[in-house]
Structures are given as structure tokens and as C-alpha cells.
Ligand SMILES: Nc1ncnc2c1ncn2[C@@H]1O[C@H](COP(=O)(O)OP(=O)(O)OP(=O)(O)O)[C@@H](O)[C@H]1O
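Below you will find one chain, with nothing else, as C-alpha cells; this is the form predicted on its own, and questions on how it binds or moves follow later.
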Amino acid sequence: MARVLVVDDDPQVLKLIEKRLKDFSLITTTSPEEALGLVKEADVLLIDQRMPSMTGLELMEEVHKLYPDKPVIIMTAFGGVEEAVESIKRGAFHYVSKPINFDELTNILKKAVEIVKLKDKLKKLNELLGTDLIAESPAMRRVVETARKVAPFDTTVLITGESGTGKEVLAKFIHKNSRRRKGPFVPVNCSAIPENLLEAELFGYKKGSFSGAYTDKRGIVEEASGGTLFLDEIGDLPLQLQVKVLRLIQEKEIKPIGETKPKKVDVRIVCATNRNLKRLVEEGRFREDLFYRINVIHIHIPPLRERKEDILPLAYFFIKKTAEKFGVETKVLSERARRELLGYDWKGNVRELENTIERSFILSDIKTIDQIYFEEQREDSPVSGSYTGVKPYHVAKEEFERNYLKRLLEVAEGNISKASRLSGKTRAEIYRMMKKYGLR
């Protein structure tokens, strides 16, 4: 049961809260100073804003100095929208107005607890994996388990999956959990190096072996000696080089351009591709003997759309990574943002998610990422695919609500009571909408 620390100088309020919040384990106190000693025991804090010795915001700032990730919900007097907005700007997870709507409070607390659990899972996963590899879904757990079993053995591994699924991340995980972890991890994208340069880059060359070869040059394979060589996009490897890679795998030796004798090398080979190698073999564009040599252990990474459970943990990982990258405080995802992330197709997989999170983090005005800023697409865009120009229903609905609320407040001249009468909504509903859409 989630633990909630409730701080309010009014004992009667504490008794009422204890009576109504049956789904949580409550720790209560009337003293902000005492609360600081109890924070460690709580998952979430519920703090009254107006207390004689210390305001709720002051207490929250002290709490966040010790535990920056603890969600804090501020209780404000009814109608105190300015206090509520200020609390959000200064780092509160949410706020509730008094008299308390306990259904609303219960929902807010459950969301806060959900985020705490997600962050805790993410922390454990990061400690376990030491990489960007997130494995909350059953499918990815199987991938990680297979990689963990394979890592200690110097067998060749073939990783397949769509672009952006994290094939290199998985290859690094295998390397870090292998006996070669102290050696280098050297990635090579076989499709990124021009075909006429690829052999020289991979295997090196002797001085004078061709025009421009002014000195001996060690190839990438030798640079990876004692470690792991990651051949990404192996399906794009030219046929004439496939023979040399086959020899590397079978004999553990290479022959640099211009060299008469082969050289022994000590590398482990991990390959990856987003192409169907069996089909390439049938078409005569990939050697069958090389296919069987690299396909000793095959690990397939499913696309992100098939492992929805990984989306939010990955999103929080990238939020943290973005905050560290720019040296700023981290942010949380609003309910709307979480829905948008889970409802998106993610054709670009984890790579697209990382870019989207960084964009949304930067464009968010406050400490909450309230909406997701997907890459702008037009119907005539070459990357738009089957894009129809029709927005998802929940996105269109929220755009309408925001525009309606903005116009309503203009007509009511900021008077909430007048806005309530005009719209037929309660003052509390309007305050919640104002908070949701960041309007004052």
C-alpha cells in the first residue's frame, strides 16, 4: 500500500483525510518541522499551503533539497488559483482545493504513486543494465535474458529488428556483460562507409599498396582486438567483402591490403541488420555460408509499438537524460502526455521516442510536460507515409477545450464566477481546466 505523508496544522482536517483516504497508508502530522524527519518513509506528500510556522511551498522546497523526486501535492484554499499555479511552477506534482474533493484527490494520489513506481523501476533497470536498454515488457525481458545468457560466451550473435529499436544498445550490453568488457567495443556501420573504402577501413593496408597509401594503417578489426567488433547493417556488406568477413569469423585472421601473410586477430563478432537476410541469400546478394556463421545466436528486438509497456519507462529515462544533458531540473509527464505517448505508432521506434521527448522537454514551459510535440508532418511530406491530416480524437478534443477556455476567460474578463455561469461548469472544473492547459 502506498504511503502518503499528510501535513496540515488543523487536526480536524487530518482526521477527515484519515477517514476518507482508505486506499493509502497515511502518516500524518501538524508540524512541518516534524514532517521533514518523516519524508523518507513516504512515497507521496500532501501538504497544506497555509500553516503558521512554514508555508506548504517552503516545506516543499526543503523536501526537494533532500528528495528531489518525491511528488508533492499542495492543498490550497478554495479559489486560490494563483497559489495553485505558483505551486506547480515551483515543482509541485499537483494541487487540490479546499474543501477537498476526495475522488479527485484519490485520482491525483494514484497518478503520483504510479509515477513513483515507474521511476523506481527505471532506477532498478538502469542499475541492472547500465545502458539505455529498458526491459519492462515481457518481450524485452526475454531479449535481455537471452543476451545475458549469451554474453559470457565468445559465440557470434546476430541482432535483428527495425531501425531505431536499439540494436547497438543491445550489442553494447552483450559486450559489457562479457569476458571482453575491459576491451574496446568498436561499432562499424557497413552501409555508411563507401564501398571502395570499406575494405581498407576494415582490414587496413600496407604502405604503397595503392595510390595514397603513404604509411601502414591498422584496420578497424585490429583496433577491436581483445574486445567486440559490432558490424551494423551487415546486410549491406558487399559480396566481395563477405568472403573476408567469413574468413575472419572462421579463422580469426585477416589480410590487410598489400600484405602477403594473414594476421591473427582476437575479436568477438556481433552483427545487426534491419533486413531479411534469408531473402537476400535467396536473391544471391548475401552468402549462405556467412549467414549461417553469423546466425549462431539470433536475437530479434520487437518494434516499440509491440511493447507498449516500455514506452513510459523509456520516456522517463530520456527525460532524465535530457535534463542531465542541458543541466536543468527534470520534469514529469502529464496524464495527457502519457496518453499521447501510448497512443502513438512509433514507426521510428526508440530513436524517434528519444528525439520526441527531447523536443517536448525543451518546448514545455513548466516542470510538467503537458503535451507531446511530435515531428511536424504535412500531407506532402515524404516522411508522412499514410498520414491523412486527421488528428486523433483526444488531441482534437483537447485543442478545442483549450481554445474554448481561452475565449471563455477573455469574455468573462478573468472572472471565474462569470465564466462558470456562462459555461455551465463549476468553478472547480474551470480551475482544473486552467491548470491542465496552463492558463491563468
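So that there is no doubt, residue numbering starts at 1 and follows the sequence shown. The model shown is predicted, which means the values in this text are computed figures rather than measured ones.
Below, we turn to the form predicted together with the named molecule, even though it does not appear here.
When the named molecule is considered in the model of the complex, only one residue from G166, G235, P256, G91 comes within 4.5 Å through any heavy atom, namely G166. Of the residues E162, E114, E222, D154, just one reaches the named molecule in the model of the complex with a heavy atom at 4.5 Å or closer; this is E162. A residue is said to contact a partner when one of its heavy atoms sits within 4.5 Å of a partner heavy atom; V85 fails this definition for the named molecule in the model of the complex, lying far away. In the model of the complex, the named molecule lies farther than 4.5 Å from every heavy atom of F361. For the chain shown alone, I74 is not a contact residue for the named molecule in the model of the complex, no non-hydrogen atom being within 4.5 angstroms. None of the heavy atoms of E340 is located within 4.5 Å of the named molecule in the model of the complex. With the named molecule omitted here, the record of contacts in the model of the complex names 311-319 of 288-296, 311-319, 204-212, 240-248, defined by a heavy atom within 4.5 Å. Looking at 259-281, the one residue that comes within 4.5 Å of the named molecule in the model of the complex, counting any heavy atom, is N274.
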